[in-house]
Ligand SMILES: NC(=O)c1ccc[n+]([C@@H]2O[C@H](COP(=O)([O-])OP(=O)(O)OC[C@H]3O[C@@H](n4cnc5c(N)ncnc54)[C@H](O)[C@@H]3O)[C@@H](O)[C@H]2O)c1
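Let's start with one chain on its own, the form predicted alone, as structure tokens.
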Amino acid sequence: MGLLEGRVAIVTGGASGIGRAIAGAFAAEGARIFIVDVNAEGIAGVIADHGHNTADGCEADVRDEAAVRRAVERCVRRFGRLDIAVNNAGTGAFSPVHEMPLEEWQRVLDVNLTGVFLCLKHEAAQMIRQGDGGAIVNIASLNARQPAEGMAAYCAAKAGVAMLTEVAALELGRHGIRVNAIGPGLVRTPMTEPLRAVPGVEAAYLAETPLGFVGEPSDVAALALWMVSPAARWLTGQTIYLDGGASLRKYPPLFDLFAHSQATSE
């Protein structure tokens, strides 16, 4: 019997990257998984990977509260309950703070922070109605605690996720609901590919990472699995930075690296 046998889990942003790896890890341990994403093709791929008895999902934008509420309701109609949630949907942007368009700032905060809040709100409400607790994991970032040039909106949003996690854990503990977060460092995903493709960026990041290698989605999935399992029954309100030790040092000087890359390409 798997660690999550009989449990039902929602994973937002579960159609690719870290979210897809987490969904797969949960399914391998017996959970039924419900994917919430804007990528219909990716959702279909996850369902095909695990089969209709184990996986389902729906398209939804986490910035839309009505869509989030419907997604939770669909999950419960399909699988009967909700025990676990991973709020992973996210996006990024790169701009000096004095040049950042308000629309870009708002988009990043809406997806990365408000989206996590809306999902957590409706997931927790369902768990409270059921009356037997649950486990929620929010995906924050190394940048919740470590500033990075050009990433003001992303850093601010992820810092907000870390604090939202603490407040939610404080409030929801009385209902038996645990709320934690993971702050990944640089992980090989489609979202980080443009950053890693800039010459010198990955090498500079690894120079500031004591373990000296980039993470994989499976690394984050392994931690998420432990966090929602009975083995972590006394863990709540924590953000664990899974980054090869990068949070012990400093973020690479992105402006310098981007300028050097542009100069050498001209």
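Just so you know, these numbers come straight off a predicted model, no measurement behind them. From 1 onward, residues are counted along the sequence shown.
What comes next is about the form predicted together with the ligand, which does not appear here.
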Subject >> the ligand contact in the predicted complex: residue 24, any heavy atom under 4.5 Å >> reply: no
Original post:
With a 4.5 Å heavy atom cut-off, would you call residue 76 a contact of the ligand in the predicted complex?
Top reply: no
Subject >> Contact flag, residue 54 vs the ligand in the predicted complex, heavy atom cut 4.5 Å >> reply: no
Original post:
If you check in the predicted complex, is residue 236 within 4.5 Å of the ligand, heavy atoms only?
Top reply: no
Original post:
Among 134, 180 and 229, does every residue place a heavy atom within 4.5 Å of the ligand in the predicted complex?
Top reply: no
Original post:
Which residue among 167, 97, 125, 191 has a heavy atom within 4.5 angstroms of the ligand in the predicted complex?
Top reply: 191
Subject >> Listed residue (72, 120, 139, 153) with a non-hydrogen atom within 4.5 angstroms of the ligand in the predicted complex >> reply: 139
Original post:
Heavy atoms within 4.5 Å of the ligand in the predicted complex: which of the stretches 182-190, 98-106, 169-177, 77-85 has them?
Top reply: 182-190
Original post:
Taking the ligand in the predicted complex, which residues of 108-131 have any heavy atom within 4.5 Å of it?
Top reply: 111
